[in-house]
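What follows is one chain in structure tokens, specifically the form predicted on its own.
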Amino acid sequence: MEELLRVENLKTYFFDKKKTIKAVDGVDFAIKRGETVALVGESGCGKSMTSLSIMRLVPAPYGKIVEGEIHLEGKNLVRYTENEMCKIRGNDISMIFQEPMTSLNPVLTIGEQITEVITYHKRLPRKKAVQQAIELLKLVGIPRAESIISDYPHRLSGGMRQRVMIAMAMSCDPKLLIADEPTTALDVTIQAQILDLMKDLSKKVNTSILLITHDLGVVSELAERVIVMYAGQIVEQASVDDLFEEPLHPYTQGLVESVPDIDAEIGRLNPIKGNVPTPDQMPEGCRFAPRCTHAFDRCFKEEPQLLQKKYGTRTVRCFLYEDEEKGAEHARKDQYSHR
């Protein structure tokens, strides 16, 4: 598949008079056209700030992208002006935020908010924009779309508001849809409906999805590939099947083991001990070492690099796989030398 988005060495820092907070610290990943990629990790690991960096919505003046590149179809968005980004947001890249009630304007009707996006990017006359808004509401499964379009957000349920957010995000057929915890505040039945909806819309218009979540159940349902973040860095990347079958990084193993098993006998859950370090108090060496059951002396002194494992099909940031990577590198060199 053709590559749509590439993020290279992204560093997003926050500054005040006394300290520098490294919210996102050297992140690299790519998303192919039509692919659904999940970005997972505990709260505070940098997932949402990575998405805001892609959208160029890092809170100013304290926050700033200090290094790195964000390429959308080969164009580096970091170099774009705010006026140029306004043409990208909602058109080429759309975002579904975590809480619809704080994202929807309470004093504007649903129709006014959807048509605003359509008229700005597509330059359609108001009558056609309203008709398209109604069609979008029907597409995302909202009944009585003709009357709902005149309602205000507070009159809708949480699930309905989330569907409205999806309709707004998909109104201009974006190339990339960023969904930040799209099902967090919804009950299980509505969660399943929203996930099915996103999956169907992605197939219909070939939209790539960056799904930000801490819910591995959602990941297994929707994503094809998983990026695991911890303390502002990527610690593992793998396909969904590989990650659940054989998690490599100790942090990923902890995440998978902490998920309750419905078929197992009732017992104690297996949480990861400790907490994510605050961005202004990162430990020396491996950032997960203070919580890791496999940590040894080197882990507390040196920071591990992201290694490619199994001939480049997945990556992991851990000293445990360093010798294995060296062996794989020798094997690759031998393979090419015999060609």
Partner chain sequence: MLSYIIRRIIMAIPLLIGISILSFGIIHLAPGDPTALMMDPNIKPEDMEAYKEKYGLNDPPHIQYLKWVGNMIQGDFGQSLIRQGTDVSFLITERLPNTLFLMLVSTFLALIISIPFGILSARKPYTLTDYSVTFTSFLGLATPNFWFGLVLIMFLSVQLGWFPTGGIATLNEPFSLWDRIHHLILPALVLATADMAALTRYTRTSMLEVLKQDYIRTARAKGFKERKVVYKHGLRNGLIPVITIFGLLLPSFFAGTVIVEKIFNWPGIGLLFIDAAFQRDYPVIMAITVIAAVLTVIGNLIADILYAVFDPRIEY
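Positions refer to the first chain, counted from 1. Note that this is a predicted model, so its numbers are computed, not measured.
Omitted here: the form predicted together with its partner chain. The next part is about that form.
Please determine whether each residue of E116, M165 and M168 possesses a non-hydrogen atom within 4.5 angstroms of its partner chain in the predicted complex.
Contact check passed for all of E116, M165 and M168.
Tell me, out of D173, D215, E99, D242, which residue has a non-hydrogen atom within 4.5 angstroms of its partner chain in the predicted complex.
None of the other options qualify; the answer is E99.
Give me the residue from R79, K128, K203, H154 that has a heavy atom within 4.5 Å of its partner chain in the predicted complex.
In short, H154.
One stretch from 223-231, 118-126, 132-140, 191-199 that, in the predicted complex, holds residues within 4.5 Å of its partner chain by heavy atom
Comparing against its partner chain in the predicted complex, the contact stretch is 118-126.
G74: heavy atom within 4.5 Å of its partner chain in the predicted complex?
No.
Is G90 close enough to its partner chain in the predicted complex to count, meaning some heavy atom within 4.5 Å?
G90: contacts its partner chain in the predicted complex.
Contact flag, A145 vs its partner chain in the predicted complex, heavy atom cut 4.5 Å
Taking the distances in the predicted complex, the answer for A145 is no, it never comes within 4.5 Å of its partner chain.
According to a 4.5 angstroms non-hydrogen atom cut-off, is S258 in contact with its partner chain in the predicted complex?
No, no contact at 4.5 Å.
Which residues, if any, of 19-35 lie within 4.5 Å of its partner chain in the predicted complex when only heavy atoms count?
Residues within 4.5 Å: none in this stretch.
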